[in-house]
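A lone chain, given as structure tokens: the form predicted alone.
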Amino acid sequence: MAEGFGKGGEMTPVLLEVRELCKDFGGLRAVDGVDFHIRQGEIFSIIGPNGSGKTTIFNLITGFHPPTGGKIIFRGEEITNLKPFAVARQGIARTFQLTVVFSRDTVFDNLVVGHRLRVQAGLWGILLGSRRTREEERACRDKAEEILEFTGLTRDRNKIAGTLTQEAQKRLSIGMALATDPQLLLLDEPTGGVNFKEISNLVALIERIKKKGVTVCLIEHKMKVAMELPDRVLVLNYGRKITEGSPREVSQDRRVIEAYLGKGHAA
């Protein structure tokens, strides 16, 4: 596995590496030769104006779209053309820009479903109620209990997911992703649609996820979150990489200021 320098100069393994990634939709090149890497244990942020290719990159990493060119390397193995379920089994989980939960089921049942990715029982085992199936069902329920506490949703366990506030649904969707036991968690606008007072709950949850040992990559439009929470930041514009570095380095980069505010502000 490749390595990079972390804070303090220590060597940190590279968990995900993206090489010359491209994606065309008809005559439009949405992602144009993008390179970056994510180190194990860090919070990595992808920012850029609307239409810069951020969510497309998530879709390419997780197998929702096949890339036109380039490679995606996870834990030293190429996963470029794997299907979404196979990418998830490799240890990459994600949330979506529009919060996705099973709105008619309880919070607890949503989390049980999340962990079933790790269940190995086949159809006959489920129908016959084999010992292995019972053990795996118990493991799913135990994981759901763990995630309820971790995300602060214990009191909401029996509520129908669709009745939760937007902020609580965001925590539930993150919990569903965590229930798959990922090594890398991709969060697409985790604070989108959430009011200012509630953002701190989600930021605190992301920080706890990092402390738990899960690497996080997030797309975020709220600049206070996008620049203060991560260890490193990647900036895109028109599908191309502008720069990559620490939040301080990125915030002072003339090209970033031009992308967001125009050339007159970067003078």
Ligand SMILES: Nc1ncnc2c1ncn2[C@@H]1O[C@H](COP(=O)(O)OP(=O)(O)O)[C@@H](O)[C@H]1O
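In case it trips you up, residue 1 is the first one in the sequence shown, and so on. In this text the structure is predicted, and so the values were computed from the model without any measurement.
What comes next is about the form predicted in complex with the ligand, which is not displayed.
In plain terms, the part of the chain that comes close to the ligand in the predicted bound form, with a heavy atom within 4.5 Å, is 47-55 out of 34-42, 47-55, 226-234, 200-208. Not displayed here, the ligand is kept clear of residue 216 by more than 4.5 Å at the level of heavy atoms in the predicted bound form. In the predicted bound form, the ligand lies farther than 4.5 Å from every heavy atom of residue 240.
The ligand is not shown here, and in the predicted bound form it never comes within 4.5 Å of any heavy atom of residue 222. Contact annotation for residue 61: none of its heavy atoms lies within 4.5 Å of the ligand in the predicted bound form.
For the partner-free chain shown, 25, 28, 30 of 23-44 come within 4.5 angstroms of the ligand in the predicted bound form, judged by any non-hydrogen atom.
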